[in-house]
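Only one chain is given next, in structure tokens, and it is the form predicted on its own.
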């Protein structure tokens, strides 16, 4: 039977037992990590959130009942002990434990609760399947690594909160039950009992509310917002997530960026012990795409993209010639001193990988150490044209180049992916390095092939750059937005923009997105109406706390940095959700399911 505390009070955490406590009595609580009976002496590793300390049951000093209690201990029993701290013998020191030079000799003990054999090992080195870990997540969370991660998460959020408050921001909470939005990912809908046939939506972000708070004169807002998106899950996506959300009045992009980069610098300094030089570098979207083939490039290594289209006309290779003639480009990357690192089979595999990014293929050219050329296309080129190409690429002996000819953005994007894969295979990425910078001046709109219309590159409330206003009616693809993304080591950490604050411009933007006047007012009339009453220029930003933790802990999945995450199919194995609800509940909400839907797994 489990016992109770009966007035016992913990003196310190297990890992806080230190040299200053030698010779003193302590009361400790925790879980049994392991117990070893050496015949007359039982060594127990007692674990709590802070770490592990060794406690000793000695039959020579304990009464028989207390020693027998020690003999009954099993892994994950919840144990309370009172004892005296002493130094270990020199030969028994365990340098792998923070408390490895000390131990606690038990005087009294209580088993506060017993445990069945856990279905997973409470050990960082355990290698159970992820579904099993997620089913028993409350046991998985006992592992020291996950407990350190959850503590780190708290430290990060506290560092960010302290920074925001020091910058004059006020913390708010905005509604979770809101209305569906027409852009972006799918919404999670919540049927209303009181309004039959109508639904709330869970917020994909607090975007409109924070803009309305600027209309209300709150000037500087922030919150740690829970957000929801009904999209296919990936390693870096979850259906519900946490983001730091902020908005500011009377600002330009640099003002918002200064606050955000200050928050990141505070996190890196206080939590990671790393100094981030400020201000952070800026890179335009155009430069990012042309140099790296990505709007979130990893700049920890070089191997930038080179446009060699000028050599293509009359080169003799029709793939290159036709691409440039049709308005496309020929571009490539050079892997220095890597010609001997890729077999022909590996190059072919890399070419197939490039094709998954909608290009027709990938060409290659290497300059061997003896000065000879190996290539998939050199036979079509004259010696002069081949020399022109190798000069344009600045190819040296031992180098290999990978080239793609296609429409400009398609070719650049595919090369960006090839660049990343080559860098990983060659081990070019410097670990433990943090390259943090801004990508600015994104396109305002992008063409959606599926819907055959323009959609917002960020969201429909983003302000165009003033110098591009004249292009809104004549050259929409070349209108730049007052938007900015923060990138860390090839991962987008967050996005922000200066918002539209005039009702007529906002309504025009809805029109460019294909909304009729009536539809725009039906969906966003409250916002358009609010903009008529003195809205200040304003802008903001949001970044994912989960994604930041993923980067700081070098984790492969967001599931490693969230206490209770969902699986890849958005299910929770621990709570068995989503789950059926009773017919009575559905009736109250005026909901019926098709028989086929109800039977689907």
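Residue numbers count along the first chain shown, from 1. Small disclaimer: the values here were computed from a predicted structure and weren't measured.
The form predicted in complex with a small molecule exists for this protein as well; it is not shown, and the discussion that follows is about that form.
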| query | finding |
| --- | --- |
| Of 499, 408, 153, 142, the one that lies within 4.5 Å of the small molecule in the predicted complex (heavy atoms) | 499 |
| Interface residue in the predicted complex among 309, 178, 495, 306, criterion: non-hydrogen atom within 4.5 angstroms of the small molecule | 495 |
| Residue 508, heavy atom within 4.5 angstroms of the small molecule in the predicted complex | no |
| The small molecule contact in the predicted complex: residue 70, any heavy atom under 4.5 Å | no |
| Residue 229: touches the small molecule in the predicted complex, heavy atom cutoff 4.5 angstroms | yes |
| The small molecule contact at residue 540 in the predicted complex, heavy atom, 4.5 Å | yes |
| Output flag, 148, 546 and 559 jointly within 4.5 Å of the small molecule in the predicted complex, heavy atom basis | no |
| Which of 241-249, 339-347, 277-285, 446-454 lines the interface with the small molecule in the predicted complex (heavy atom within 4.5 Å) | 241-249 |
